[in-house]
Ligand code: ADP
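Shown below, as structure tokens, is a lone chain in the form predicted alone; questions about how it binds or moves come after it.
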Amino acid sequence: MIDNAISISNLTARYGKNIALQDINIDVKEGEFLALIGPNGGGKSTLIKAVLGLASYEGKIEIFGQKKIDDVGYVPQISAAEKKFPISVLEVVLSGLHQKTLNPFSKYSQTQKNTAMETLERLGIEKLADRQIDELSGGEFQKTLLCRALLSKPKILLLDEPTANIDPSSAKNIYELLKELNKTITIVMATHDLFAVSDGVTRLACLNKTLVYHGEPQLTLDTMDKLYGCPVDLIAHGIPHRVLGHHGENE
């Protein structure tokens, strides 16, 4: 029997008097690649922050049957990180040993530096180790944050909009990396990019303050309408969008 990596029961989260999420129940199986999709303000980021203990909530969250988050790596939205901070790529990755801050003044052992370099090599950006982060492209910076999250060898990886504000080629490369990582790590990813849903994701959770859908990575137009509150047309640069199931001629 496969254990739940994350179990979320009867979760409700508020910002002041405003409800961000209401009565959410989701189980994430070990080894899954779960995509959280939904409109802005639908609660995707709030759910991730609740799992990390960064947002207050009512209800219950367990990680491998406990409340610890030691096994969780986190990649924040690219806009949430201080890209102008005077720090190198290697130093950013090493700061994953502390998780909470980017600190260029910390002292690290040679063993820790070697481990960080191995992580950079794993994602193919070892040549950027000494580069200042304000010199990176969006895709390079996102890979740097991913390396930082992987340094502690997490069993679960949480990502908040990992392809926001990066070009399509870099986004595709990120998805390929995540598919490879999913062979050994459970992944939960919040995203606006519906194309990602058809590219390696094994389960979907559609959020618009409540849980609209949780299941296989294939949606109906009816579910999309409920999720976004209006009829939705999907255009994928001429590529058929596998996220939508087949429907009859009159639908």
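Start at 1 and count along the sequence shown; that's the residue number. All values derive from a computational prediction rather than experimental measurement.
Keep in mind that the form predicted together with the ligand is missing from the display, and what follows is about it.
Residue G41 is the only one of G215, G53, G65, G41 with a heavy atom lying within 4.5 Å of the ligand in the predicted bound form. The putative spot formed by Y108, Q112 and L151 is not touched by the ligand in the predicted bound form; no residue has a non-hydrogen atom within 4.5 angstroms of it. Proximity of T46 to the ligand in the predicted bound form falls within the 4.5 Å heavy atom cutoff. The closest non-hydrogen atom of A20 lies within 4.5 Å of the ligand in the predicted bound form. The stretch in contact with the ligand in the predicted bound form, judged by heavy atoms within 4.5 Å, is 32 to 40, chosen from 181 to 189, 32 to 40, 219 to 227, 66 to 74.
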